[in-house]
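You are given structure tokens for the same protein chain in two forms, set apart as structure 1 and structure 2.
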Structure 1
Amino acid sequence: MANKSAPDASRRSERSRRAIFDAALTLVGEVGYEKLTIEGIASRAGVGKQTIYRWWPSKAAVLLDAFTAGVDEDYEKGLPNTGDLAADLKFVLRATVDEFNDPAFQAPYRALAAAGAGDEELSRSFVGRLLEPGTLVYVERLRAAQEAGQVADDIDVRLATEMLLSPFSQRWLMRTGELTHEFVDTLVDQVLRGLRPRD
């Protein structure tokens, strides 16, 4: 009798994990974070809730893992460096505008931001896994521009990065205005005006 190969447990686990991620991201957009439950995620994913609790302690932890899956590969690429700092920053921030205006992206991001406001551990995880790596790619691009003589030597590139990203985040998170390509183009131009070497 031919031997039957044993089921691949790791592959089955990965399929379940992917289904759970997809379910969490879809459901938070449909019902909101407050009504999101482990039971609902499990039902949508077609798994038992004990499977979810074996891997994650809470719905926030599930959502954080689902939302940040794959971001490491994106950050490893860094920002483009064509030699034109303004063009590179505008290119990336315009794409970020499109992403942040996508309802499928907005729902989990806003949910995690709101949940993190009352959960210090979740907030630290959110910052460490998403915000800080995302900030560092801008820091590295500005540092490269500084080394190329496009940014003044005495500029703190970390602070300069926060000057660039904070107005973006404030406008989107607090809905103080429309998040548009025109806004980020103007933002880049005004920030870079203060970073350039003085004659």
Structure 2
Amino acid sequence: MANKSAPDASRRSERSRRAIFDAALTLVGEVGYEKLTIEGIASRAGVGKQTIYRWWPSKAAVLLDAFTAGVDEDYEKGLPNTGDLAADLKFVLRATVDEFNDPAFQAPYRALAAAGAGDEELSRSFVGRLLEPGTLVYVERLRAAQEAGQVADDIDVRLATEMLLSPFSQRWLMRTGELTHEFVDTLVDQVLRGLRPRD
């Protein structure tokens, strides 16, 4: 039997889900992770808090879903592979610089990273759901370059990825330096210099 109300209900659910994600991301950027509450998210999203509790067990679960909703698609696509490793890495890292210099993007991300630094369980989810998939797309791009003979066989590509991404993350999280296109360009060149096959 066709249930005429199902498509409408599904559209309403999707609208509520998006409203809850937007509210969670905005609020955590405004008040920080500690002071974020399910009640606050429900009120900002214009839904009842039971709606949230029906779908998620905790504020951490809402927030992680809200973050990954935006990035899962990017991770599936992987990094561009034009055959020019340096150009591909600079292209993606320059876009990432622009993203992290955008206050609307970075406030919720920072709140989650700061809370994760002090809270081991949250940090495991944060790493597993966000940081690790984000790292793996770089590992895969470097492995493709290694298979193409552009990166030496004895290079640990996981560690090479950390040499590339960690200086970025550290500058951003600890505010130890500026994030600019020039910074990532120099970083890419200096990291790749050590990865090339010896003649």
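We call the rigid core the largest set of C-alpha positions that still match within 1.5 Å between the two forms. Along the sequence of structure 1, residues get numbers from 1 upward. What you see is a predicted model; the values in this text were computed from it and never measured.
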### Task
Would you indicate whether the form predicted together with a further copy of the same chain is structure 1 or structure 2?
2
#### Entry: Post core alignment: residue 31 C-alpha displaced by 2 Å or more between the two structures
yes
### Message
My question is whether residue 142 is one of the residues whose C-alpha shifts by 2 Å or more between the two structures, given a fit on the rigid core.
### Response
no
### Message
Quick check: residue 130 between the two structures - does its CA shift reach 2 Å or more after fitting the rigid core?
### Response
no
